[in-house]
Structures are given as structure tokens and as C-alpha cells.
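Just the one chain here, the form predicted on its own, laid out as C-alpha cells.
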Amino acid sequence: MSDKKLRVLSGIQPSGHLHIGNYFGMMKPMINWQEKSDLFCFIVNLHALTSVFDAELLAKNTLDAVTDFLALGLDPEKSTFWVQGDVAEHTELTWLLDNVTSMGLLERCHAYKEKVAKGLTPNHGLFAYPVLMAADIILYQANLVPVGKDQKQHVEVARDIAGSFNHTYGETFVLPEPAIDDDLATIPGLDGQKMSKSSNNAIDIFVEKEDLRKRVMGIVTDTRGVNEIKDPDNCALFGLYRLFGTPEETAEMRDRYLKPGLKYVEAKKELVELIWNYFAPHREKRAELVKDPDTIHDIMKAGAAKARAVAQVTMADARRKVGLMY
């Protein structure tokens, strides 16, 4: 199969402001895929219902996520871009898959355990989350699913569920493969741990400059003095710097780490400017987009129609296989 025919799919939750971990971990790779694949990209607002219980907030976050993606370069003419909740086939397929998914498979999923351990109230939606995710993927017969390392298990679960359905009812679904960029699989947060909204260690993509400065100046570094050699490979500051610097700038910064004289505060100031300048054209585009919300809604309506046309073909086959068409 050629790259042009390869169907690539991924989605992102509108559970809060999107941050640079979201950008480098998922959004930028997806935007790059639109030039060389049949790209399906969506905002997973149904998944967000497991943690967001404020209707106005979820609606706002969903529109913001759509606007962010468009501002960052996703082209609805080169991809299929939609909001999950606008295509009812996601939830219909989830029910069909529920009936071929073992409890043991879901009980082994680490994401549920981790979220409960962090204080989220356990509910069926949180527990059955991987089934809806499986439906999201196989509904569109995706070949590749770009994910971070922490999401790899969900793609494996989707394969297991699709395989169970195929075994029970005959060949119906493509078995997806995860696509992981090891260099970008984990984006460091301000504390050196994985960047995430829930850990309050993230830097938002479209942040005011003063807030950006405060966040970057708060990046945790070690206690090595100015005249000591430093370790770029175990430093969150350098880990973020390399995402924004050119290869030459990154090589120069690494060299500065490995020689006496580097002041972390100076490196942080440089990083502020790199981040600010990197997203400058996208901020301008976003400012134009928010002036015309009707156009954004039209884009999503058209995207949902494109997605639904593919989903309905898959569902017709699945419904026939299980006996719902007579």
C-alpha cells in the first residue's frame, strides 16, 4: 500500500487548553500526515464527557480545539476533520463492540487505573473508554494511529476488539497499527515529568507572553552552578528547547551545557523567545479565525458529512454481519 492510500487517524480531547505537549505529541505529526496520507483527524468530545461535566465549558473547549487545529495548519480540504459527537455511528459501533469485548481486557487497561488513582470518580464511561476508542479507530478502517507511548495500549486493545469481532462475525475491520515517534513520545513538562493539563506542568500553545514567561521561568532544573558542566539529556529545559530550536541552535545549546558558563536563567529567556516566535504566525491566523465563527461551524459541518459517509459504509457491513439488517 502506498503512503497516499494509507489511512491515518487520531483524535484529541477538548478537556482544556491545548498545550505544546499536545502539539508536538499529536497535532504537528497529524498535520504533517495530511500531505502524504488519507488523513482522518477529529475532536473527541464524547471522550471528554468522562471528565468534563460543564456543558458550556465542553462546548467552548470543543470550538477552541477546532480553531487551534485550523490555526496550526490542518487543512480540511486535504483531510477529513470533524467533531466526534457529530457522527452518531461512533456510539452505535461502540455498542456492537461492547458485546465482543471481555471484561478482563478492560480490567487490564492501565489508563483507567491511573485516572482513578489520580482521584477521578470511577464510572462506566471511564471504564469502557477503550471500547469507544476502538470504535473511533476501526469505524474508519484506519491503518495507522499516531499515539504517544502511554496510548499505545489503547491501539492494541482496538486490535484485540476488532480481531474478536472479525473472529465472531467474519472479516469486517482493518487491524490498526500504532505509529510512535520515539523522539516525541513524551514531551517534558515544567517539572520534568510528562506534560499534561492534570499535572499543572503544561505550557499552553496560545498563551499570553507574560504567562509564557512565567511558565518557562518555572521549569525545574538541577542545582549545578554556572561553572559546572550540565546534563542536557536529563534536563526538561533542554528537552523543550530542542523542540523549538533549529538543529544549529540546538547543537549550540547542547555545547553550552557541556561547558562551564551556562546560566539556566539565560537559557530560559531564550526559550521564551523561541516559543513565542514559533507560534507567531499561528496566533495571527487564529485571531482571524475567531472573527468568523460561522465559517468554523461550516467547516465542521462539512467535515462531519465526509466522516459520516465513510462511517455509514462500515456500519452497514457491521450491522449486516451481526443481524441488524433484515
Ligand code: TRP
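Computed from a predicted model, the values in this text were never measured in an experiment. Quick note: we count residues from 1 along the sequence shown, nothing fancier.
Not pictured, yet referred to below: the form predicted in complex with this ligand.
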I'd like to know if residue 151 sits close to this ligand in the predicted bound form, meaning any non-hydrogen atom pair within 4.5 angstroms. yes
Is there any non-hydrogen atom of residue 161 lying within 4.5 Å of this ligand in the predicted bound form? no
Find out whether any non-hydrogen atom of residue 129 is located within 4.5 angstroms of this ligand in the predicted bound form, and reply yes or no. yes
Answer with yes or no whether residue 44 is in contact with this ligand in the predicted bound form, where contact means some heavy atom within 4.5 Å. yes
I have 10, 133 and 147 flagged as a candidate spot, so tell me whether each of them has a non-hydrogen atom within 4.5 Å of this ligand in the predicted bound form. yes
Stretch in contact in the predicted bound form with this ligand, which is absent here, among 215-223, 230-238, 133-141, 74-82 (heavy atoms within 4.5 Å): 133-141
